[in-house]
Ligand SMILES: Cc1cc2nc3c(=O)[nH]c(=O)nc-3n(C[C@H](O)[C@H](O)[C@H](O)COP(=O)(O)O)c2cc1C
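To begin, one chain is listed below as structure tokens, in the form predicted on its own.
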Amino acid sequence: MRKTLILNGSPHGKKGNTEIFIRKFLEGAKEPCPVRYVVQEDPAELAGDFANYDVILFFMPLYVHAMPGIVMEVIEQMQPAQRAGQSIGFVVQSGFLEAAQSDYLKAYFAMLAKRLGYVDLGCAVRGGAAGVCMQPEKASEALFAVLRKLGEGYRETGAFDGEAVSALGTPYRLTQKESRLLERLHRLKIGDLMWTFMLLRNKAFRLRRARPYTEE
């Protein structure tokens, strides 16, 4: 039986979208996989433990085309695969509607797997996921069904299910019609309502135009 380690690469740990993605994936996988939280770990010790597993699965948010810094710290400590067949895979979720926003990160992960000698399971990407943790479960049931299918495919084949990966990555790019609609919503300030709510909830609305890294 293959030994799989799942890493939650979100700075939010158990309180965020990444944890939900992992939970739904495991519902489909139905395998006892340990989950470790990068934000709570020493990067060197965590990366050193990879030698004890057949498969390493990273789950994480996308932060403006890049991985979280805490995930990068672990990757910088990784050593080449310890034996033939050792595999690595990635699941990325973001608030961007288009899955294409994660292309740079996908290319990096493919290069990483090749350079370190891991079998590359690929990178499954989901856009438009910013509000998943704030919505009732029924609102995201279609997404959760795909995540369970991704887990089921992994249980059966040891790889990511191609149909599930494709479904998660839709839309890859917005159509011109969809882009124009979003532009209109933005002009009407309708698209800003969720962010305004989050700023108010976190008592940061008055700081919304702050520029802490600019010179005075």
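Position 1 is the first residue in the sequence shown; the rest follow in order. The structure presented is a predicted model; accordingly, all values stated were derived computationally and were not measured.
In what follows, reference is made to the form predicted in complex with the named molecule, a form of this protein that is not presented.
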Considering non-hydrogen atoms and a 4.5 Å limit, does the named molecule approach residue 94 in the model of the complex?
yes
Quick check on residue 81: any heavy atom within 4.5 Å of the named molecule in the model of the complex?
no
When the contact criterion is heavy atoms within 4.5 Å, does residue 153 count as touching the named molecule in the model of the complex?
no
Would you please decide whether residue 65 lies within 4.5 angstroms of the named molecule in the model of the complex, comparing each non-hydrogen atom pair?
yes
Name the stretch: of 115-123, 72-80, 128-136, 142-150, exactly one has residues whose heavy atoms fall within 4.5 Å of the named molecule in the model of the complex.
128-136
